[in-house]
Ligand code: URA
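Below you'll find only one chain, the form predicted alone, shown as structure tokens.
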């Protein structure tokens, strides 16, 4: 039943026209992973590679995320990957508030269907969308419990690729995440 509910939502997302991004997208990117995933990663928005393939985290930032997952012993196949925005913003710009508001119900429905125990918030867009907080540097690496879910904010992998200091902090955060996941017995 969960599978059918998530697949129905994915079809709705792929055909969405709630904001102007549908006009420029190649593919909407609902997300992917097990419908009963206990771990969910939420990024910012699909990039160009994701737009072409219709899959989340398959571009350069996704490849870096894969390395981060490997470093913690988390299998990509066991987590659900998604973003607040389901369509590629032109020129890979930051999503507009009205675009996030149009897509946010989809993300909330994914969380409701999947019911993860921990959600890793990759960057400020994810943090602001789900926890209404803006500065990831002040809360990164610190678990926040809300509505029975543990949220774990950290930097987006794309920032870690560009800035060596952020990369180091991101690696440290993933080591903290590994301990939390082991404690929760999720891996």
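Positions refer to the first chain, counted from 1. In this text, all values refer to a predicted model and were calculated from it rather than measured experimentally.
One more form of this protein should be noted, the form predicted in complex with this ligand, which is absent from this view; the next part is about it.
- For residue 152, no non-hydrogen atom is located within 4.5 Å of this ligand in the predicted bound form, even though that partner is not displayed.
- Interface membership of residue 44, defined by any non-hydrogen atom within 4.5 Å of this ligand in the predicted bound form, is confirmed.
- Within this chain, residue 160 is remote from the site of this ligand in the predicted bound form, having no heavy atom within 4.5 Å.
- With this ligand left out of view, the stretch that reaches within 4.5 Å of it through heavy atoms in the predicted bound form is, among 129 to 137, 66 to 74, 44 to 52, 143 to 151, 44 to 52.
- If you take 47 to 75 and check each residue for a heavy atom within 4.5 Å of this ligand in the predicted bound form, you get 47, 50, 56, 57, 61, in sequence order.
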